[in-house]
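This document starts with one chain, in the form predicted alone, laid out as structure tokens.
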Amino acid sequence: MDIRVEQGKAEKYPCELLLLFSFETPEPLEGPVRDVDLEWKGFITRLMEQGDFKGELFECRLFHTHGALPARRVLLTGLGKRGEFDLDKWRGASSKAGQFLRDSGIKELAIPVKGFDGLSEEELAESLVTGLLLGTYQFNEFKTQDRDKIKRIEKVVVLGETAKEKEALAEGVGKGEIISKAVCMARDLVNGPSNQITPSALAEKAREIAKDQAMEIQVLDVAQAEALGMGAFVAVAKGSQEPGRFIILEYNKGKGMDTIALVGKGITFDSGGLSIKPSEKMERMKDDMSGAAAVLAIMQVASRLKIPLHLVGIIPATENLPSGKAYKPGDVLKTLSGQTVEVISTDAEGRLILSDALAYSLRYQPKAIIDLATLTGACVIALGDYVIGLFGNDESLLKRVEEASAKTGEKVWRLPLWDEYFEYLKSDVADFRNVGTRSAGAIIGGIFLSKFVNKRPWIHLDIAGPAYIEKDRPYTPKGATGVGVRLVVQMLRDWQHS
């Protein structure tokens, strides 16, 4: 999708289709839709009075102008009740409009955008583009039949009336494109089948990003990880014939900026290992590297937006499979931190590989550590498919995440890390076990990880629920969502101002 910004008035602009937004009746028309209505001799007002378009949230109605306007057609899209409006509804409305137009076979359109209610042109443009790009996302790389029937919007013009508005819109469009394209990249990686998206493929993608964005990169193989003492990561990796990779990306190295470590769980396929999962829905387990995909995307965005922070992206990448070399229940593993873990279930492998990655991140003496992981099914039971489980040991860091959540619409909910829960992880033969009881599974997973951050400010985002969804949401088609990318990017953008 080619998105451009031009200066012009909506009612005078010749185009294939003009996309206009309106609040629900009886709110008066305002901004570009009012200007078009005046030029159209009250046509939109009459439509609304007759009930042919009510402005209800995500309502879409297409009309031909029959020469009454320079635009050949107009799509009216509802923003819902004015008092309930926010940027997330704006993203959803632009997404629904984009889907409607794409499915109608429209390839080109123009969208006038004007600031209102304290929302600037830049903010509105960024959210508009986010909704449009994320809402019209499709994953069809592996489809060979009927490719000529795949519909796409090819060109979008965002219109500002003045040179100043045009400049602000261009700023917002640019940021929205950078972030949304990275989210789509993360979705592609997660949607990709595990015979294609291997640990080596993740390492290759990381090298590509490093080269494009002039980042430092290091990729350790299993033997190198073993030599460093990463007993937990190595134990999981040895069960698969696909070689594991421990990936370290570094942006703004040596520039004296605050250091933040981003750690992403990179299990490219999770069978459960010897504690094997049921076969039903096991094909979904290609999504167990959603945290890794998010970290790659965040690193790319940070570089393209020139965020003034020293970021270290750490991705332990491996499959978790049963084989003659696989680790076993009852094994005791020595982690990079020196602590020992008794394996109770090989299907709690994510926390094992993350334990070594979190311990490795301490070498950079970060101001904050953020990990993203599809860690526990228990988090899905607790919070459902739309909410990220938020854990952490630092109040100001937790608040930063919650503030970013309010801006991006990626919902988070705090869960506790109380010391009493550590009782569940006590082992008779090692420092602790890798799982506790069935109770409080998400919390116990978080407690386990907390033992490897050495009291550094740390956030754990359990994205098991929203990483992959079975039902379309306003700007998130079913499948991989790229969750966490916009949330963490927003937090990093706001870092200097908090």
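Only a predicted model underlies this, so the values are computations on that prediction, with no experimental measurement involved. We number the residues from 1 along the sequence you see.
What follows is about the form predicted together with a small molecule, which we do not show.
Asks: Would E165 sit within 4.5 Å of the small molecule in the predicted complex, counting heavy atoms only?
Replies: No - in the predicted complex, heavy atoms of E165 and the small molecule never come within 4.5 Å of each other.
Asks: Is D347 close enough to the small molecule in the predicted complex to count, meaning some heavy atom within 4.5 Å?
Replies: D347: contacts the small molecule in the predicted complex.
Asks: Against the small molecule in the predicted complex, would I307 count as a contact residue? Criterion: heavy atoms within 4.5 Å.
Replies: Output for I307 is no: heavy atoms all beyond 4.5 Å of the small molecule.
Asks: Is D288 near the small molecule? Define near as a heavy atom within 4.5 Å, in the predicted complex.
Replies: Because a heavy atom of D288 falls inside 4.5 Å of the small molecule in the predicted complex, the answer is yes.
Asks: Does the small molecule come within 4.5 Å of a heavy atom in each of K277, L375 and A378 in the predicted complex?
Replies: Every listed residue reaches the small molecule in the predicted complex, so yes.
Asks: Only one of 389-397, 253-261, 349-357, 206-214 gets a heavy atom within 4.5 Å of the small molecule in the predicted complex; which is it?
Replies: Partner-contacting stretch among the options: 349-357.
Asks: Answer with one of R245, R91, K265, R187: the residue that has a non-hydrogen atom within 4.5 Å of the small molecule in the predicted complex.
Replies: None of the others qualify; the residue that does is K265.
Asks: With the small molecule left out of view, which of L69, A440, M48, V435 would have a heavy atom within 4.5 Å of it in the predicted complex?
Replies: Partner contact (heavy atom, 4.5 Å) among the options: V435.
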